[in-house]
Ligand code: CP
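This document opens with one chain alone, in structure tokens, the form predicted on its own.
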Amino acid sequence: MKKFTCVQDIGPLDIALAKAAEVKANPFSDQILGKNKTLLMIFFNSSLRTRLSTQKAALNLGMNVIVLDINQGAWKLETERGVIMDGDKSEHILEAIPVMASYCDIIGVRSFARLEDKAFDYNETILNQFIEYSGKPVFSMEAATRHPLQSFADLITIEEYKKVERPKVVLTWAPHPKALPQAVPNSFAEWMRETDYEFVITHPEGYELSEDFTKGVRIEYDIEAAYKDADFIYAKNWSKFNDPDYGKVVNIDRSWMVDEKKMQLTRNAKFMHCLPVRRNMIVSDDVIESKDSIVIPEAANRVVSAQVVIREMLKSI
């Protein structure tokens, strides 16, 4: 595997899940693969779970790990060609990338959508520059449009907790005070489309995601109809995708928060969220603290998803 940015890169999901089960059962069995190999983790944005889980995965594989926070421990980077660099950015990313690549064997990149220019975001400008100019295997630790390591961990978690062969999985928009990217919901939808689950997305009108990720998916604006008989409720906020309000918050209707009343419509559904989560905005205290909340094992599976990806990349070196 030379790159990992989307569900298509992982291959058949049944094989990917089998690899995840192997990793979970024997997390230290492949350390010979990572011996004397270095992972460089580059963060353009803040992180907790992604940073810790990916570093842990690499260490499980016997790798050395370098972590670079671009906004705190490096020169400010210019990302556009043709710009006269007479401002506060001292280095161009097109020089920085090959330099960074010379110090490592595999690169992980985390770079969120800026929510200022849809074309810049949806062309995955930064991530694709690393893929094109580094000459090293590159994986996404969340990009502008997708968060594949999270979605892979979500799939692993659903498989572990499902009680029926074809569960009903609901992705629900929930209110948030800030504008958030569409990466997690885009990616979750993309991965769920590759399963045989009954998959439903529910959100207020106007919060439609790109059809590149939702084509063929049932979109339900009636939240009660969406929740009915669900086996999993995955909550996430996202800002507007459609123009002219791309990246904006136009609705913070708190009636969309996941609470006990809505969960009672489900089939004793498990509650999921990628974290961090704003309590009593996205989800009530009672729901996230209930026995049916699986946000912690979901987060723990981030090590597993990252380790599968890194292991496959090590095999390709």
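Note that the coordinates shown come from a computational prediction; the quantities given were computed from them, not determined experimentally. So that there is no doubt, residue numbering starts at 1 and follows the sequence shown.
If you look for the form predicted in complex with phosphoric acid mono(formamide)ester (CP), you will not find it shown, but the lines that follow are about it.
Asker: Can any non-hydrogen atom of C274 be found within 4.5 angstroms of phosphoric acid mono(formamide)ester (CP) in the predicted complex?
Answerer: It does: once phosphoric acid mono(formamide)ester (CP) is placed as it appears in the predicted complex, C274 has a heavy atom within 4.5 Å of it.
Asker: So in the predicted complex, does Q150 come within 4.5 Å of phosphoric acid mono(formamide)ester (CP), heavy atom to heavy atom?
Answerer: Answer yes; at least one heavy atom of Q150 falls within 4.5 Å of phosphoric acid mono(formamide)ester (CP) in the predicted complex.
Asker: If you check in the predicted complex, is V250 within 4.5 Å of phosphoric acid mono(formamide)ester (CP), heavy atoms only?
Answerer: So V250 does not count as contacting phosphoric acid mono(formamide)ester (CP).
Asker: Evaluate S290 for contact with phosphoric acid mono(formamide)ester (CP) in the predicted complex, applying a 4.5 angstroms cut-off between non-hydrogen atoms, and reply yes or no.
Answerer: Contact with phosphoric acid mono(formamide)ester (CP), no.
Asker: Using a 4.5 Å heavy atom cut-off, indicate which stretch of 24-32, 41-49, 59-67, 261-269 touches phosphoric acid mono(formamide)ester (CP) in the predicted complex.
Answerer: Among the listed stretches, the partner-contacting one is 41-49.
Asker: Quick one: name the residues from 96-124 with any non-hydrogen atom within 4.5 angstroms of phosphoric acid mono(formamide)ester (CP) in the predicted complex.
Answerer: If the 4.5 Å heavy-atom criterion is applied to phosphoric acid mono(formamide)ester (CP) in the predicted complex, 96-124 yields only R110.
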